[in-house]
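Laid out below as structure tokens are two forms of one and the same protein chain, each shown alone and named structure 1 and structure 2.
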Structure 1
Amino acid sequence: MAKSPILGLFKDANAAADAGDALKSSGVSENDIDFLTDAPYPEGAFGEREEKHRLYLFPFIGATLGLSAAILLTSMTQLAYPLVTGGKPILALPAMAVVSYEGTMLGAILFTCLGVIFESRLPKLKSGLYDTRITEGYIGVLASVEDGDLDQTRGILNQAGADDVKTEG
């Protein structure tokens, strides 16, 4: 059976949290419930699941790739155009260190920016069920339920004190 989104709009944060608890107790998976607000509430304020992210990996991967590219660039350039000066080695490590540091930082910064975009799920090409009243202070409880459970879910949201309940279509 296909799942359909249903959105309940609440003026009170406690009523929205109660609606989330009621949906969980009725059998709706925690992964299928989301809270939409215009204000930054503390994580877990509505009893929602903790979001998993891998943002910490992006700077590490970027720094590793930046360092590798910088070392390859400096060493290959010095080997391609050898310039022996006073018997010193061709690969000059102090000069390579500066370029390696800059390459590492550049890679880490670029990959961090990409990581933020990726972990924010941008760009969002398909917009889901939404109501503009959320930007005016309402709290939305968005649930994805089986098509046959839409009426039961609508009743749960109304019983929890929803001002309005919307479905697609």
Structure 2
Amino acid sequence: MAKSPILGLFKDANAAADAGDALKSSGVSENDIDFLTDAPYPEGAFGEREEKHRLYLFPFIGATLGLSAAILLTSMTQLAYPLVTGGKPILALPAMAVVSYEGTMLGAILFTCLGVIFESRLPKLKSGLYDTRITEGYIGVLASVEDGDLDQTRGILNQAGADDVKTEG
């Protein structure tokens, strides 16, 4: 059977955490429950699953690429127009170091930003079940359950103190 999303809206963060617990004990997998909030609650505040990510790899890759590009750029342009200026060698390492440093950092930062977007799974093209009250302080408990279990889940959410429960359609 197909799975459908169901969203419970809670005014109270404790109630939302209770709803999460109740859903889990009713057999909904941890991976099918999400907490939607308008601000970053500390990790684990709702007893939610731990999110794994590889963001830390991105700056290293970016830095390597940026450094290589900058070294290539600075050395190739100098060799392509080998005019001695200021009594310095054609490949003046200190000067190249400065530009290469900037290139490295630019690469690292560009890749970090890409990494943040990628790891956040953005952009999300197809919008899922959502409610604008979430950005007003409501906490959304979003679960993905078997179509047949929708009514039971609705009951669990209501019992936990949901102000509103939404399903698709």
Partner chain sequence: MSSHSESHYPHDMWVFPDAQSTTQDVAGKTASTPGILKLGLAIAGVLAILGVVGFVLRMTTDGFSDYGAWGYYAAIFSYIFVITSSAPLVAVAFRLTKSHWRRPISRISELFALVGVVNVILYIPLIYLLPPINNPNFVPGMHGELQIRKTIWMEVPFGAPHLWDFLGIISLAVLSLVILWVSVVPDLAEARSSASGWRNKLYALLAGHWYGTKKQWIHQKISLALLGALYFMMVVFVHFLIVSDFAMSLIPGWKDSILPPLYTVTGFQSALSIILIIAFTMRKWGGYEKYFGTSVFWSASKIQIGLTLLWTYHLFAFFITLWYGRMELEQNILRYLMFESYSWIFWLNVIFIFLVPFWILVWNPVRKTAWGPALAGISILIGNLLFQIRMFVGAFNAGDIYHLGLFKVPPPVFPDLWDVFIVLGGIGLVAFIYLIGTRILPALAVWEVKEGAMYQKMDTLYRGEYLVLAKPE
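The model shown is predicted, which means the values in this text are computed figures rather than measured ones. Here, rigid core means the biggest group of C-alpha atoms that superpose within 1.5 Å across both forms. Reference numbering: structure 1, starting with residue 1.
**Q** Of these two forms of the chain, identify the one that is the form predicted together with the partner chain.
**A** If we ask which form is the one predicted together with the partner chain, the answer is structure 2.
**Q** In degrees, what is the turn of the smaller rigid part relative to the larger one between the two structures?
**A** So the smaller part swings through 14 degrees relative to the larger one.
**Q** After fitting the core, how far does the CA of residue 94 move between the two structures, in Å?
**A** Once the two forms are fitted on their core, the shift reads 4.3 Å.
**Q** Once both forms share the same rigid core frame, by what distance in Å has the CA of residue 69 shifted between the two structures?
**A** Its C-alpha shift, to one decimal, is 2.6 Å.
**Q** Having superposed the rigid core, state how many Å the Cα of residue 85 shifts between the two structures.
**A** Its C-alpha moves by 11.0 Å once the cores are overlaid.
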